[in-house]
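Just one chain follows, in the form predicted alone, and it is written as structure tokens.
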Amino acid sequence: MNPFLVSGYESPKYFCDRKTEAEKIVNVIENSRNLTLISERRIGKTSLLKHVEFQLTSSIIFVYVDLYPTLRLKDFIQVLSNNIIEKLEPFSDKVIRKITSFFAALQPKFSFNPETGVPGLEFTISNNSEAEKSVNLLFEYIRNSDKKIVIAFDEFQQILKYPEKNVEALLRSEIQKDNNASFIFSGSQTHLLISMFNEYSRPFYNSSQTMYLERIEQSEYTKFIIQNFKSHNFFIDDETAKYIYEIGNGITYNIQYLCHKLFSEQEKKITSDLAKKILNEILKENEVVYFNYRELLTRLQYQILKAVAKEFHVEKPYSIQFLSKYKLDSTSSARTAINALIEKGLLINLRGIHVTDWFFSLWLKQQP
């Protein structure tokens, strides 16, 4: 098995560090607090949540809910209900009768996935009033459980895209009633999460503890890289491991992907030249995607992306120095373009702006 995972979670053996962060999250859960988990993309939020689940005692039920595929409140209800019921009580005739009785007004229907055999629950929801009632009943079902529960909503900012207008307030109203449950809110569009939980006028204002997930320290990651290569009879020295960390910009996914590809090469001596070769192959294989970005953006948006990539990090993107250096348009035009790029997820604004995808940023730097 390739020890450098690029998706999913296997066990602590394949997970790098995060001891302090995991302990803090476990403490939040055990004390029934809520947490907003904020970081750059691909830092490893989802893997950390899975790692935390591994650390919890069997008396705590951990429910992971990915909201990214959801487009409306009905989808939210379907995803949450199936994850909750699957984790709380394995399906049986008794459980089906209990659920049918509890949600009788919503006419629940059970179906089975023909490929996995896993049963699923579907509610008949035809209007907003029934959707809101479904949310209320679902959270009441959670509150009636005699088990301690933590629900981790990944891509929580997705609820802002639902056509229903009162979803934030509706969910905040239900979540604040839970005394024995903890909720974790994480997502990849950090500017939306920050505004949801830090703006006074928003329903979730000041409702949870905030944790900013930093990059794993270079010293810890290089030890992890060396250990995993050497355990499979590969040779790699400390300087090469540091180089891999640097060209991956300290971002968990990038480092894991580079190491995953290096491991797949089966070259028993890992060198900096080999790592650089693999990096160039990654940029080349993604080139069709990068060219497609260029076609979908306005001229100014693409110019700004290239300028930010060449600077790596821009603290004052509207300054005369930055705009004139790269021959960009007026401040107002640049502001509109930058906001659009942040909204598209191509730029991220954390203590200044930079290109969200590090590999894309490296490719942009090579462009004329």
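Source: prediction; values computed, not measured. Throughout, we count residues from 1 along the sequence that is shown.
Note that the form predicted in complex with a small molecule isn't included here; everything after this is about it.
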Candidate spot 6, 39 and 42, all three in 4.5 Å heavy atom range of the small molecule in the model of the complex? yes
Exactly one residue in 22, 353, 16, 346 has a non-hydrogen atom within 4.5 Å of the small molecule in the model of the complex; which is it? 16
Among 34, 70, 46, 301, just one has a heavy atom within 4.5 Å of the small molecule in the model of the complex, namely 46
Name the stretch, out of 233-241, 215-223, 272-280, 290-298, where some heavy atom lies within 4.5 Å of the small molecule in the model of the complex. 215-223
Is it the case that residue 182, even though its partner is missing from this view, gets within 4.5 Å of the small molecule in the model of the complex, heavy atoms only? no
Just checking whether residue 190 would be counted as a contact of the small molecule in the model of the complex - the rule being heavy atoms within 4.5 angstroms. no
Looking in the model of the complex, any heavy atom of residue 81 within 4.5 Å of the small molecule? no
Residue 155: heavy atom within 4.5 Å of the small molecule in the model of the complex? yes
